[in-house]
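First, one chain by itself: the form predicted on its own, in structure tokens.
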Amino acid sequence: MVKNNLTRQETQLLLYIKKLEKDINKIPYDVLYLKTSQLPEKQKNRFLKAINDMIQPMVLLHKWQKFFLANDDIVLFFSATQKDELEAIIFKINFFVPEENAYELTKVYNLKKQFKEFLECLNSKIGRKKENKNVQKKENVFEALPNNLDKEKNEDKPKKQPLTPKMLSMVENSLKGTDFANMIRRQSICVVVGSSQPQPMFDEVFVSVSDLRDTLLPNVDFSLTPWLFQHLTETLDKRVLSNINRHDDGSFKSHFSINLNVSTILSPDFISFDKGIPNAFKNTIFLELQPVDIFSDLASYIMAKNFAKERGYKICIDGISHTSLQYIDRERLDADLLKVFWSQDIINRIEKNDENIFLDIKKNGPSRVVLARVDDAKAIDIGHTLGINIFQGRYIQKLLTSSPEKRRVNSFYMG
């Protein structure tokens, strides 16, 4: 291996590998290699800091070994008996980083079988410092991150400013004086078999966060401050639940889904909402949860999921990309539906004869997968190729609008 100009971390990594190599058959670890050097340079430090924050709790709890290479790649030795914990980390990472990078970002090595392959990978990476005049001043990027995240060069600053506590307070005060019913949107989830017209199963009831932002804070990017955005979504959850309870015309009694945070399901607001829903209709209502929310605290998710299911509600995991689908096991999460977002990249994978996408759909059950954000007829054709018959999106809504006489909500129960 290259041994010139090694950082202290790389030297320690080589010593650690030498120790493991003495008895390969007794190696208790496998390796996660994170190609974080491939992340976009713009705001790269932010991504690296977030990824490190995801990994560090497991490193401390299970004494996993972590090393940073000079090129910003990360090598993580994890217990071979704790693969579920690792998959949760990989899932969160793939949701956090830009989707175009996520698919090739992680590589797992079984050291007992792939030790030589892992060494070859390191040989091509270790000792190769990134092209940065400041690289000699620090051993890895994380040492400088906590104090300089807001001091990036002007050319690296986002065009929109981050959400601040003051802005959040302003938004929440504005919502108090707003007719919230006017902010609620609906979009149908439909069955489309062959060339038949869409048959609605239920409607998703939601508040368009993008519309809210454009109305109140058009120059703000909520995603730059996820902890404040999380607080805002919890506020919106409670307003939606309250608004649904106030409708006495029967329009919000059955066959709909709502987007919630795990914490909202465990709150008094959900108890109040639950009391307003007839027991006979609860099994037609889906609670949609985001994977990042689920995997950030699995224990709370399990508690919330069990709490909801005991009352008859169903669980839908929303916001899954075709690249992150491989890390989802619907049955183990005890979810009733998955929503996979449509992307042109799905076509590319099929054209490249990538069988994994078919296996990922099959593993989770095609009849339990919704292909969402469908914007053209091609998406439906590809969905059918994958065995999917449930769709949602603007194109589906357009078909329903053009044939209102065929719009019909079916009695729906997924047992």
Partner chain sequence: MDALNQGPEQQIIDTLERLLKSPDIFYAVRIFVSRLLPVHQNNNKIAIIFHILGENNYIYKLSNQDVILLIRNVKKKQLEQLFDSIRSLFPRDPAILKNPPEYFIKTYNLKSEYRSFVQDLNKLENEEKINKNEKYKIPLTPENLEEEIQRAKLSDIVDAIRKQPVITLAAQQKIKILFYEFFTSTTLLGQKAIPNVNLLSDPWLFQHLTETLDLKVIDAIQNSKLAFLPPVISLNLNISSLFNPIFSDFSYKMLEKNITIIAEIQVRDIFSNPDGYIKAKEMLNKMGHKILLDGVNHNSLLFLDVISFNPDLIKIIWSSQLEDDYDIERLKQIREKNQKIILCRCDDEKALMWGVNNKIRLFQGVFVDKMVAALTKKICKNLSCSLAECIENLNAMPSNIYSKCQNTEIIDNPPFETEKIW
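Residue numbers count along the first chain shown, from 1. Here the structure is a predicted model, which is why all the values come from computation and not from measurement. Rigid core here is just the name for the largest C-alpha set that superposes within 1.5 Å across the two forms.
One more form of this protein should be noted, the form predicted in complex with its partner chain, which is absent from this view; the next part is about it.
Undergrad: Is it the case that residue 119, even though its partner is missing from this view, gets within 4.5 Å of its partner chain in the predicted bound form, heavy atoms only?
TA: Taking the distances in the predicted bound form, the answer for residue 119 is no, it never comes within 4.5 Å of its partner chain.
Undergrad: Please determine whether residue 312 contacts its partner chain in the predicted bound form, using a 4.5 Å cut-off between heavy atoms.
TA: Judged by the heavy-atom cut-off of 4.5 Å, residue 312 is well away from its partner chain in the predicted bound form.
Undergrad: How about residue 225: is it within 4.5 Å of its partner chain in the predicted bound form, going by heavy atoms?
TA: Result yes; residue 225 sits at the interface with its partner chain in the predicted bound form.
Undergrad: Going by a heavy atom distance of 4.5 Å, is residue 293 a contact of its partner chain in the predicted bound form?
TA: Yes, contact at 4.5 Å.
Undergrad: Considering non-hydrogen atoms and a 4.5 Å limit, which listed residue (108, 298, 175, 80) is close to its partner chain in the predicted bound form?
TA: Of 108, 298, 175, 80, the residue with a heavy atom within 4.5 Å of its partner chain in the predicted bound form is 298.
Undergrad: If you check 288, 237, 204, 274 against its partner chain in the predicted bound form, which one has a heavy atom within 4.5 Å?
TA: Comparing distances to its partner chain in the predicted bound form, the residue within 4.5 Å is 274.
Undergrad: Check for me whether its partner chain, as it appears in the predicted bound form, comes within 4.5 angstroms of all of 94, 209 and 254 - heavy atoms only.
TA: No, the whole trio is out of contact, none within 4.5 Å by any heavy atom.
Undergrad: If contact means a heavy atom within 4.5 Å, which one of 318-326, 83-91, 111-119, 186-194 is the stretch that engages its partner chain in the predicted bound form?
TA: Careful reading of the contacts points to 318-326.
Undergrad: 2 Å or more on the CA of residue 196 between the shown form and the other one, with the rigid core superposed, yes or no?
TA: No; residue 196 is a residue whose C-alpha shifts by less than 2 Å between the shown form and the other one when the cores are overlaid.
Undergrad: Relative to the superposed rigid core, does the CA atom of residue 306 travel 2 Å or more between the shown form and the other one?
TA: Shift at residue 306: below 2 Å after core fit.
Undergrad: Superpose the two forms on their rigid core, then report whether the C-alpha of residue 344 is displaced by 2 angstroms or more between the shown form and the other one.
TA: No: residue 344 shifts by under 2 Å between the shown form and the other one.
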